[in-house]
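A lone chain, given as structure tokens: the form predicted alone.
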């Protein structure tokens, strides 16, 4: 099925039982319950579809449903309470997910619920738990959840997928003991964001861009994902992860792959994934003897009354975990040879924003004075979504002065409320059986190969402190200035300022 055909057709979801492990956690409360409500309110969920929440708290179905209604009220902008028919989809099962003997009872409860609601053998397992529970849950749901009668089963797994290549390989081998690759839906929620799905359309559905999307015309590409908040209550997890594992290995490298991939033979799932893998495998690896490898790692320090990273709850007082990473990467293929990709991500920075800047090579203008201001294509991922193109014109007047102007498409303003949350799309796609927005094992393997290579440079690179609320370590700016470039900081679009002007 062609990509355009898929987007144009409304696919009816099959009745299924979604078994939600970790249903009492923050991810379920803040993302999954609201996403399921959106699918219900939009008419996407089949009438008989049900959700069985798994947790250790002493709840019953009624108290579970009350908690769901409360969580939705806390996170939703809508004033209306959830439809009672939506809440009636939810059931609760109390169990210790580490107790291997408890899974037979879970299977009996799931089978009884499926019979009562006529769901057949269709099962979706969503693992919204601590990572150390992934192996035991996958092993025992895979062992007790065999599919028959033409049904399907799907395993949705949140990141992290290991701590390094070796642990990721071991984890994946465990999954393969019970599930096939086509049954495993590895979630990178960034891929569910509307503007990321737009990257391939922007590139391949516009003759304006694709012919110049190469080393001959593009000077460099910047990918920035910044967060103004610190680690908050996630200090214990984050201190064992850091920016490289938490952001670079998945989100940022997935963005890079979408930007750099060749046009696939088709826009079906495996064709797209094949091209992404080629990009990730083509990334130049760092060598231990490099004096200036293009790696900047930082850690935020206290500012005023705001604590530094080492003062956060759950963080070791002498922690060397990086909360900021900036990289200079290169893709070693004919299309991109010589074009640097600058990646930047960090916590406790001066703003929360995610954007991509494609900077074209300057064209000298032969008027009264040379002009080399480059064209820039900006993709705004969050908080506002949109596309901005900066180009050069003659400034009005009697003198031939060149100036830069921009065309701006604000998707948030043009289509308010029409960009679904990432988990709405990801849950729907998993229900349909579309793997396009989920990562395949060889993508993860290639990404960990690069990150392991970066980790091996830690002693050479060190950790640079930066003030909480700043733009990050000064060295991150030098990463570009030494190449004669600078970070592009797009101005944030203000909602309500997108209306066309009138003269």
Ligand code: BG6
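Residue numbers count along the first chain shown, from 1. This is a predicted model, so every value here is computed, not measured.
As for the form predicted together with 6-O-phosphono-beta-D-glucopyranose, it is not shown, yet the points below apply to it.
Taking the partner from elsewhere, no residue among 217, 276 and 335 has a non-hydrogen atom within 4.5 angstroms of 6-O-phosphono-beta-D-glucopyranose in the model of the complex. Proximity to 6-O-phosphono-beta-D-glucopyranose in the model of the complex, taken as a non-hydrogen atom within 4.5 angstroms, holds for one residue of 139, 194, 239, 227, which is 227.
With the partner omitted from this view, the residue of 190, 86, 431, 125 that lies near 6-O-phosphono-beta-D-glucopyranose in the model of the complex is 190 [heavy atom within 4.5 Å]. In the model of the complex, no heavy atom of residue 355 sits within 4.5 Å of 6-O-phosphono-beta-D-glucopyranose. 6-O-phosphono-beta-D-glucopyranose is not drawn, but in the model of the complex it has a heavy atom within 4.5 Å of residue 382. Using a 4.5 angstroms limit between non-hydrogen atoms, residue 347 touches 6-O-phosphono-beta-D-glucopyranose in the model of the complex. Although the partner is absent here, residue 256 is not a contact residue: none of its heavy atoms lies within 4.5 angstroms of 6-O-phosphono-beta-D-glucopyranose in the model of the complex.
Residues within 4.5 angstroms of 6-O-phosphono-beta-D-glucopyranose in the model of the complex, judged by any non-hydrogen atom, belong to 246-254 and to none of the other stretches in 401-409, 177-185, 386-394, 246-254.
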